[in-house]
Every structure is written in structure tokens, then in C-alpha cells.
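One chain comes next, on its own, written out as C-alpha cells in the form predicted on its own.
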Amino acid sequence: MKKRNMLVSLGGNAILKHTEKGTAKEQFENVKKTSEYIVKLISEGYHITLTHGNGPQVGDILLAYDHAKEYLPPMPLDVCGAQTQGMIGYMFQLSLKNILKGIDKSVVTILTQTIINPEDPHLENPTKPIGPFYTAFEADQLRKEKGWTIKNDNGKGYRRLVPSPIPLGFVEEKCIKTLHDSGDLVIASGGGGIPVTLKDGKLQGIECVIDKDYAASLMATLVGAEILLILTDVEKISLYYSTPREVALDHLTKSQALKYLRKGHFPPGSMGPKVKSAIDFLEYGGKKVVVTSLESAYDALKGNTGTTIVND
């Protein structure tokens, strides 16, 4: 049986629920449940590459460094991103290998550096809030001492804003492709990858955040995936979301998705990047994108739920 090549992009709730504290036990339990769904897909004949979000984990690491700053030097954001890739990758490697049992498949995490353009205009426009909340006084001190962009976050306190540039590719592409083609389950570009620039032949880490959905689309194209499965908090994409006019969408063509995106139905902070990454994936040779919740993934791939986006 020919295996169907698919990239699975996991949302943050697959690792840490909004109501949880974020203990190792909680995250392991969530990862174990998620891994059971993934192994079910493998048993159905899918060859899977895995990527994931890391927002809560990066936030916790930054908060820990902030509390311990009198004793430990804080690490820059790119290093914190690398820490989360290792931590989450380990949790999935352990859980998946335990559940795979009789299935002969290696599980490997690639610490992935994502290349961005050093001239990307998004670098001059920090928009992504990260890390702990600060008082107005602390925010003013950090602006002066570190040159950070810090703004009031909906009245809850002041938070640092960082840029979110467009990913162009991955430093480890050859390794990822080799392991994927050999049949391994590769976990890569976690949290969108560690942002780096390549200038005068040298790599340099950058303090910014790569949108994981854009990176997932690039990764899916790299490994030649036919299907991009985007798992999020909702079962289907909707128009007029969270209003009395809300309409859930079962099927979309690429041109319909682009039309709705341009009309503003999918905001930049939520469904927008997912729909844009779906369009990009189809544009570069992908066959199908499915957007749904983790619990509905199996049924969505059969066309029984979720939102399926295909070429015209």
C-alpha cells in the first residue's frame, strides 16, 4: 500500500491546555493523547512529518528567566525557542515511540533554524506579544535599558512586542528530507523554527517569532506532502466567526479561501495565517489542506467534518 505523505501542524492545545499550569506531568499527558491520534493516522497508511506550536512554553521560559534574573543571565528569544524545540521534541519522541511499539519507525527531532530575510520589513514592525506582563514603570525601564518595544496589552499590563517576519527556508533542509525519505517520523520547525539570518555567509540568531503556520506550509512543501493537516482549537473554519451570522465551512477552493481572506474574514491573529499557509501550500504543489481540531482529525481526513481546502 502506497503511503500518503502528510504534514501535521499541531496547535498549542495539543501540548498545553489554556486552563493548565504547564507542569511536565500535564504536558506529557497531553502529548501522550496527541501521540495516540498520530499513531492512529500512521496505522491508516499516512507517512507523517510533525510540527508544533511553542507559545506557552516560550512564555514560561521567559517568565522563569525574568524571576531569576538576579541569579541567572536571561537568554535571548532565539535561544529560548531552541530550548522549547528540544523539550517538546523529547516529549513527543518518548510518547510516540512508546505507542508505536510494533511499528518499525524511528522518531527524531531536528533542531530547526528558519531563514529570514535580514531586510524583511516586518522586522521594523514588532507586533507579537511575548513573555511576562510588566508594570508601567518596569516597561519604561526596559525600553530605556534594552530598547524593547513594549505596549499595554488590553489593559492587563505591559508586554514586549517582537517582529514576525516571513520564513524563507530552513538551514537543515537536507537532513530533514533525508530522514523523511528514509521513512522516519521527523519533528521539525517547532514554534516556526529558530529565526536566523544569513549574511555574508554567516548565520545569526534574531529575536523575533516565526508564525508556525507559515513555517508548516514551507515544511510540507519541502517534504513533498500531499496533505497539510492543520490542527487548532475549532472543528471548522467559519465566516463571521463568533457572531450571530457565523457560518461553518465544510469545503473551500483555493480561490474562495483567498477571496474570504482578502475580505477580512480571517484575522491576522487567529485564522488568517492558517488560511494563508493553506493557499501557499496548494500554490506550490500540495493537493489538500484540512483544518480541524485534534479530536476530529481522523473523521476530517475522511471528509466527515473539518474544513477541506483544495485547488480549483
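The structure displayed is predicted, hence computed values, not measured ones. When you see a residue number, it is the position in the sequence shown, counting from 1.
A second form of this protein, the form predicted together with ligand ADP, is not displayed here; the remarks below concern that form.
No residue in the set Thr34, Tyr37 and Gly191 has a non-hydrogen atom no more than 4.5 Å from ligand ADP in the predicted bound form. Ligand ADP in the predicted bound form is not approached by Gln113, whose heavy atoms all lie more than 4.5 angstroms from it. In the predicted bound form, ligand ADP lies farther than 4.5 Å from every heavy atom of Tyr46.
Shown alone here, Thr253 lies farther than 4.5 Å from ligand ADP in the predicted bound form, counting heavy atoms only. When contacts are judged by a 4.5 Å heavy atom cut-off, Met271 counts as touching ligand ADP in the predicted bound form. From the list 238-246, 99-107, 80-88, 173-181, the contact stretch for ligand ADP in the predicted bound form under a 4.5 Å heavy atom rule is 238-246. A heavy atom within 4.5 Å of ligand ADP in the predicted bound form is found for one listed residue only; from Val234, Ile130, Leu123, Ile206, this is Val234.
Residues from 240-269 that approach ligand ADP in the predicted bound form with a non-hydrogen atom closer than or equal to 4.5 Å are Tyr241, His265, Phe266, Pro267, Gly269, in the order they occur in the chain.
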